[in-house]
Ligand code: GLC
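Heads up, the chain below is alone and in the form predicted on its own; it's given as structure tokens.
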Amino acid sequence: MNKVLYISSEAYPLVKTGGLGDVAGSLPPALLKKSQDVRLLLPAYPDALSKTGRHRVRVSTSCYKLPVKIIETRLPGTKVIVWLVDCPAAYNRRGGPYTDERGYEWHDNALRFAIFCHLAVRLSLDRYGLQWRPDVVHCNDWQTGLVPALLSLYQNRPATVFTIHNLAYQGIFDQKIFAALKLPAELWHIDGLEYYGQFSFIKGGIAYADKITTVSPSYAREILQPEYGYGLDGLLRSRAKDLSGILNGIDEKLWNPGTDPYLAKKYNRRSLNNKMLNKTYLQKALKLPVGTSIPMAGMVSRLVQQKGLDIVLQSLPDLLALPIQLVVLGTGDARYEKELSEWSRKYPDRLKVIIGYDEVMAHRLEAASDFYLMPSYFEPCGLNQLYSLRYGTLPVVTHVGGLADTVVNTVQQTIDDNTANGFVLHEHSASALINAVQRALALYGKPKLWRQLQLNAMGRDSSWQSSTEHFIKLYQNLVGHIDDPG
């Protein structure tokens, strides 16, 4: 059994802005079921505090002269112990974990997550006498990047793992912030936290963690190249022997069309015909023309360039000329929100755009759609294509990152060997997207074949079973390899 402190800036259902929240809410419980002694560390945002049940204060301390408490509770619906870093000055505010109500980054994000990292280090070293010291500290994304850096200064320390969920988000600040945070001077150098004269949180994780993981094997290879490395590909290549890609899983209890409480009609592989009833239900709810024979394409996404919004918008004149309905749920860049909304007003019987995020609607759209658009420029892992496969909704994706690792293009060979489960774009362009949708529509007109593709998709194992084994092996290999002069 390994003792694992899993550190994340979000975790579903306490707080979620994207895939990190889903992973941090489902991987720790999966590790616990595999007999790992895992604790989850999160900032105590208002939502996180309001969604927990019984809790107790374990520590009262300070950091940067601000009062801080460590509150112990449980991750709802699980037995995972959660420690919440409660610093009201840093986290008790309206808005999101990283941005205010207008979508602007909090001006003091460096301080907010430096506090979080300092408390994580103290807990990792059992400085508060809680009688629990981790063997492994597992950090996630830039908000936790200072933890491996700070722990590297201690000989008698836990092993560290740093997982990159999206290298595009790096936590870069001015050099004067490094000084203001009074971080150890020995961390400021070209191989440390310095990044072209600036201060980089994510470099702390990449440069100092004992092992680095990403969320898919393909993305682990991609980030070694300048195109996907965001200026860190050289550092990552220097650490290639310590880098691996472990594919994300999903919470198969939460995302299960056979038990999903949000669906109008539950279904599974044996009752697949019921899936169509979810489509007619959603069509009525969204005031779209109703009919089971009308193909529906869904898209639940952050409306940002990474997700391929440019080519989606370029494709709309041709896509909306096809016999389909398109439903988009998401929020993001204002220009994408505006353009999509304008198109939906022009084509109310073909396109429905819902600005914002709604967990219930996300489930219903996965169940109602026949295929799912995900033409990302890059995709470290992607979770929505995994949800889609689980719901018998065939993904239309680009051949990048985790999409390449999970979606098998429908061609004659993969049809014959029953591995086909989606449609893959091998170039990132509007014409390639239109071509892929046209291929999907052609096969949608062949009900027997389409049903087999759906069964292939639903038969894929997207659970955490395999991935947790990889993490446990990684943890076990690390434990005992850290110098302990004590």
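This one's a predicted model, so the numbers in the text were calculated from it and none came from an experiment. Numbering starts at 1 and runs along the sequence shown.
There is another form of the same protein, the form predicted in complex with this ligand; it is not shown, and what comes next is about it.
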query: Which of 162 to 170, 81 to 89, 339 to 347, 194 to 202 lines the interface with this ligand in the predicted complex (heavy atom within 4.5 Å); finding: 162 to 170
query: Distance check, residue 305 to this ligand in the predicted complex, heavy atom within 4.5 Å; finding: no
query: Partner proximity in the predicted complex: residue 145 to this ligand, non-hydrogen atom cutoff 4.5 Å; finding: no
query: Partner contact for residue 382 in the predicted complex: this ligand, 4.5 angstroms, heavy atom; finding: yes
query: Close approach of residue 325 to this ligand in the predicted complex, 4.5 Å, heavy atom; finding: no
query: Of 117, 407, 215, 209, the one that lies within 4.5 Å of this ligand in the predicted complex (heavy atoms); finding: 215
query: Contact residue in the predicted complex, chosen from 398, 248, 124, 278 - any heavy atom within 4.5 Å of this ligand; finding: 248
query: This ligand in the predicted complex - contacting residues of 12 to 26, heavy atom within 4.5 Å; finding: 19, 20, 23
